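So this one's two forms of a single chain, laid out as structure tokens and tagged structure 1 and structure 2.
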Structure 1
Amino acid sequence: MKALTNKVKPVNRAPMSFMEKLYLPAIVHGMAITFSHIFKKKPTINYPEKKRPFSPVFRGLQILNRDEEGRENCTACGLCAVACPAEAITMEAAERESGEEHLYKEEKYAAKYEINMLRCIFCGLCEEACPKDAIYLSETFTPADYQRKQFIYNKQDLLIPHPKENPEAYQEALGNRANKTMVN
């Protein structure tokens, strides 16, 4: 029968020679191979202590952004919800009252903003759709909880820490975004 590909390797069915029948040379050879592995570098990373660096385009959990003075960027325009292919985002808009200028950047803001993390597929289309740089995908990636309802993240879960009141947490939440040069 003609082989379909040229990758076929014939099996050697010749009877074993005396040296092969002894087994011991083969065993010693095998043991030499395993012994050489003692000196090889181990690919494992001790996970919680050490973390693998992310690729620059890594997409983790969403974060709602604030500007430098700590005002929320989001205007509840709904573009992210429209863009979301998994329909994970819902929001309710509200109008900014006078005296709330230090809280919200523009006249309209999101009174309620929820992302269902069980639906979210972390595609990043919300980040792309957002005209105000109000939402982006961070590097956090291992949420765990005991209840499903905990995975519907509300605004408090999503908002970045205040840059003035809590600058350290803010820098941490920014992650490698702080080093990136923003395009717009």
Structure 2
Amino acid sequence: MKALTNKVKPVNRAPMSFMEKLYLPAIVHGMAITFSHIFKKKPTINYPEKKRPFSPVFRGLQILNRDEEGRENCTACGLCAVACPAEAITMEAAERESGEEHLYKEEKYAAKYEINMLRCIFCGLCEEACPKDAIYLSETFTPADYQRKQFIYNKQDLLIPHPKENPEAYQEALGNRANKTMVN
């Protein structure tokens, strides 16, 4: 019989020695490994009390951005939906009415904006495709849930807090992104 790979090893069928039959060296070796782990640093983090540091390029939950006046940046151009390889983003555009200048930056805005987080692969292509810096991936986890419908986020779930009405929550939602824009 010819072997398909060169990784074939013949099985050693030699009888066990007296020490091997006792299994005592193997047990002592296993206990030494177990005992050595007592003195090592624990990799577990108590999550609600402590949060582990993330990489600077961590991609978390998507956020729809606002400008300093609190107006939405999204113009419903659809480039993020086109760039999404998982087809997780759906949107509908609408025209801004007179008197809504304080709500929307441009004449066109996203009346409906949804992201299906069960499809999202957190690739960041939606962020790169957006010409208005309207969407970005934050430093927040997608929360766990037991129902599928809870993973479809609409526009109100994704919008960043209003910068004038809730400045602390706005700065927290920006995260390290605020520091990056100050440096640039």
Partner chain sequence: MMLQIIDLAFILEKLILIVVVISASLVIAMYTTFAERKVAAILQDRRGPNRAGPFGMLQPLADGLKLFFKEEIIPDFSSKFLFILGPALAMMTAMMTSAVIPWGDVIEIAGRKVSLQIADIDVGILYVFGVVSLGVYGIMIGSWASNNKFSLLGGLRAASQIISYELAMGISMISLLLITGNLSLKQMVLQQQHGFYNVVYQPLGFLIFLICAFAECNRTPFDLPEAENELIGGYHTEYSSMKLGFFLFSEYINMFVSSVIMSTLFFGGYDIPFINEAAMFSTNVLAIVGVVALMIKVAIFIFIFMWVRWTIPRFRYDQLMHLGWRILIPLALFNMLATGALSLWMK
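Given the structure is predicted, the values throughout are model-derived calculations rather than measurements. Under this definition, the rigid core comprises the largest set of C-alpha atoms superposing within 1.5 Å between the forms. All residue numbers here refer to structure 1's sequence, counted from 1.
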With both forms of the chain shown on their own, indicate which is the form predicted together with its partner chain.
1
Classify residue 29 as shifted (yes) or not shifted (no) between structures 1 and 2, where shifted means its C-alpha moves by 2 Å or more with the rigid core superposed.
yes
Aligning on the core only, does the CA of residue 149 end up 2 angstroms or more away between structures 1 and 2?
no
Cα of residue 118 displaced 2 Å or more between structures 1 and 2, core superposed?
no
Superpose the two forms on the rigid core, then give the C-alpha shift of residue 15 between structures 1 and 2 in Å.
13.4
With the two forms matched on the core, what distance in Å separates the two CA positions of residue 42 between structures 1 and 2?
4.2
